[in-house]
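In structure tokens, one chain follows: the form predicted on its own.
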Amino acid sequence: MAAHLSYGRVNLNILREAARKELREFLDKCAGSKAIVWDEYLTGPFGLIAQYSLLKEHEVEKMFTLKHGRLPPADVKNIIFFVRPRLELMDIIADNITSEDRHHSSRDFHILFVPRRSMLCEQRLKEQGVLGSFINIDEYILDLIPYDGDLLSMEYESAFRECYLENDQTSLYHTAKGLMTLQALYGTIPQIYGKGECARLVANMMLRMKREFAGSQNQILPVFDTLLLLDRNVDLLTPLATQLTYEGLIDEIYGINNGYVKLPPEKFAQKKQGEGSKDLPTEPKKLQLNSAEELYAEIRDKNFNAVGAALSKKAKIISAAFEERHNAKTVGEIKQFVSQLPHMQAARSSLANHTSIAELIKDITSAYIIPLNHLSSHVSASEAFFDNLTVEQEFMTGVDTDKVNTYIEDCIAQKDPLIKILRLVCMQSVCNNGLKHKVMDYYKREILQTYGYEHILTLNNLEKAGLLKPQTGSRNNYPTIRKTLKLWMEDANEQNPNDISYVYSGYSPLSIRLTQILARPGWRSIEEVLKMLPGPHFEERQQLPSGLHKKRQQGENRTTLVFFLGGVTYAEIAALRFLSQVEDSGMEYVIATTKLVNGTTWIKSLMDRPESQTQ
């Protein structure tokens, strides 16, 4: 099931198996039949660790979603609540249990906090008079979840907001604990580099935890050579930009959640000849996206402009493979063909799915591929995409960033989705090191008058997080950073890339450029630029027990774990995979993050009342 997790340089299946073992042990503590009541947010991450079959083996007979009122009827001995440590969830649990008591239930209750127990939550249950109803109160430490062979995420959706708006370091503590778990399984990481305030705090927590466990030295040969901790606020620009890789665009347009995407069903309908379209499916098409699917692994990190050619080439290969059946004459040849048939049929089905997805995306982005004639009176989806992208690229190259942008004005006048407006205004602010007071006031006034005065809280949050800020006397460092780090490459090669800039068709993500320079020639070469970016930069070394120093074979690559604190985009992941594949880089990257984000989900996490805003 999770074989794709062990294909990479680092076998992430070890981490998944450790998480599964702990889950089994907890379930076995609750003897007898069980029903699990899920905090809905946890079902996605848990699905990557354990399928229903594993739960069933341990006598889980029913599963319910946590909601107010009486629990649904279930003829089981144990009710187990799987929840995040949130006070509002404790109130729902208390409601469930008091409803049960009235019906003289003889069931045993257990609660499993993910990822940590909380004294505050237990106090709330006590106040509600239900704490004594629980036989087991435990914690399940699910920090880093393997998403793919080179990708780990904590799926901690509020990490950026907590760190930069609420001054809450809980997510950083969970990050440090997650990294300690990782080192317990894969060996101590000898070198730690970091950039940013949060990175410094996480490194300090890790080093303190290591001192506290000084007695139990880890005797595992290190798998990772280096850990790089990067604060999201060191590079606020990248998540705001529209991702232009295949996987990035799927996430931008449809949203990838816990490795799954839900798509409009019409392109996937199997229409038979002579049949009308009256029975088209109405349920969204749900597809799993990871490297276990050969074709997806091949095309996901390509710039979308290169995907069509790759799909066409694959179609010819599959077609030629099926034609081989005509050449199979002997029994042995026929047998060999038949044995390959399941794989070929899976490849054909995969090709059909990705051709349909590519068509759906192309309907929205086709102007980005071939700029459309702007004579039509109404603006098509593809023109809107192209115009939006043009403005983004102007901001990134420093064009007219210091005055009110007419495209943004028009979008507000047309009442385009608020998040689209906020992404562009924040991008202009970041690329201009803040907006002039009159420009900032104008945007704020227009947004509040058009979308409602309740959004003053959101604008305040964006200001506090540094995404939207008034210009102070200090000069704009962005042009210097852009030139020194080569953040903009004219004529980026999208078909056969030779630089990471292909993931945004010209813009090289700052975060990934820093990672690339750290590997070669090192951060000392860009000291001045590092000082212009927020937060300290640092280097720490962790002592390894004698005998555990790696003897590197000639030509053997080093392995770096890059941890993004506050979120990472699929385009950044694609850029790191590109660097891993560059022949003379001598470096392979594994990516970890607090949350997989795109511009929309990231801005949404900073909004107050985001539920009232659609994408």
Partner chain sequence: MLSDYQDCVTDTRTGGKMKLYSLSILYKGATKSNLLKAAYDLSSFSFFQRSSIQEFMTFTSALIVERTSQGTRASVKEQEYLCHVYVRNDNLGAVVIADTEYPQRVCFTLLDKVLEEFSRQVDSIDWPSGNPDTINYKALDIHLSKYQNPREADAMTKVQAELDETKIILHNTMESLLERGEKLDDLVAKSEHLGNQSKAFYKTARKQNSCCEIM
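Keep in mind the model is a prediction, meaning the values are calculated, not measured. Numbering follows the first chain given and starts at 1.
Quick note: we don't show the form predicted in complex with its partner chain, though the next part is all about it.
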| property | result |
| --- | --- |
| The single option of N136, N498, T484, N305 touching its partner chain in the predicted complex, heavy atom within 4.5 Å | N305 |
| Contact residue in the predicted complex, from F538, W523, F322, Y260 (heavy atom within 4.5 Å of its partner chain) | F322 |
| Among 72 to 80, 310 to 318, 182 to 190, 514 to 522, the region lying within 4.5 Å of its partner chain in the predicted complex by heavy atom distance | 310 to 318 |
| Interface membership of D387, its partner chain in the predicted complex, 4.5 Å heavy atom rule | yes |
| Close approach of D491 to its partner chain in the predicted complex, 4.5 Å, heavy atom | yes |
| Its partner chain contact in the predicted complex: A346, any heavy atom under 4.5 Å | no |
| Partner proximity in the predicted complex: K286 to its partner chain, non-hydrogen atom cutoff 4.5 Å | no |
| Every residue of K329, T355 and S505 near its partner chain in the predicted complex, heavy atom within 4.5 Å | yes |
| Its partner chain in the predicted complex - contacting residues of 332 to 346, heavy atom within 4.5 Å | I334, F337, V338, L341, Q345 |
